[in-house]
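Only one chain is given next, in structure tokens, and it is the form predicted on its own.
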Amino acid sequence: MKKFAALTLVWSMFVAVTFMALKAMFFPPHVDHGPHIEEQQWSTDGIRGNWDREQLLRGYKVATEVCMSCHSFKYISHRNLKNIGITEAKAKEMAEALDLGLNDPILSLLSPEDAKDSYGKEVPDLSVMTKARAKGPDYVYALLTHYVSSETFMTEYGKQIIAGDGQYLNKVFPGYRIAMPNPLSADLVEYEDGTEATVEQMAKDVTAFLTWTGDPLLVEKKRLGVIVFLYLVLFTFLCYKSYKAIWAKVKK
């Protein structure tokens, strides 16, 4: 009976930890840092969320034609695109267009030394940027769409903020001064599917792409989490029935 009690205690702890992990996955805690950031709707939201392949391909275009001039994606390669339904031949063609191999990390041509000369420091890798910031993709989207001038900032906030040399104003960046210039402008890229390349559209697409690079197995893990949860519910029920059966004779 001592062994049974110990096993029950261990199993209860396992169920509790798993429940907390699933809760954190599906209902992440709200973290409030800095200015208000509006929540956006993403194709991966919720248990039934999924990757929007067309949006990811548009985001890839923005990432490689705009962001990659300075930033790298060292934790991802073109082979990973097969996970969203891109054929190996197509992925190889996309890699060769950037003079990369299928398994090569997607690296910028901007060297760390040149980055320091231009921005005063090395630019961050973007592979896991949405996981490294509070509010994740909502923050990245807000950052890309909230560059302002000093006059606009004064009108909206009633205080004067002056950007120094090599600095730009952004309403959601901590301290409001950011070294990265506004990377997006209307019609900066031409989408193959005919989607209008507005600043908001490009920001939404590239943020979705960064969400994917940060966790390519996000959708699969959510689905597995549901299966694990259902398994735990069933196993807990069976444990309870076993407990009742074992103790039934003792009570009599």
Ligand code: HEC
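Keep in mind it's a predicted model, so treat the numbers as computed, not measured. All residue numbers are counted from 1 along the displayed sequence.
A second form of this protein, the form predicted together with the ligand, is not displayed here; the remarks below concern that form.
Screening 183, 216, 49, 225 for any heavy atom within 4.5 Å of the ligand in the predicted bound form leaves a single hit, 183.
Only one listed stretch (189 to 197, 41 to 49, 217 to 225, 202 to 210) carries heavy atoms within 4.5 Å of the ligand in the predicted bound form, and that stretch is 202 to 210. Using a 4.5 angstroms threshold between heavy atoms, residue 179 counts as touching the ligand in the predicted bound form. Residue 93 falls outside the set of residues with a heavy atom inside 4.5 Å of the ligand in the predicted bound form. The closest non-hydrogen atom of residue 119 lies within 4.5 Å of the ligand in the predicted bound form. Contact between residue 57 and the ligand in the predicted bound form is not found at the 4.5 Å heavy atom cutoff.
Contact with the ligand in the predicted bound form holds for none of 76, 81 and 128, as no heavy atom of theirs lies within 4.5 Å. Along 41 to 66, a non-hydrogen atom within 4.5 Å of the ligand in the predicted bound form is carried by 62, 66, in order along the sequence.
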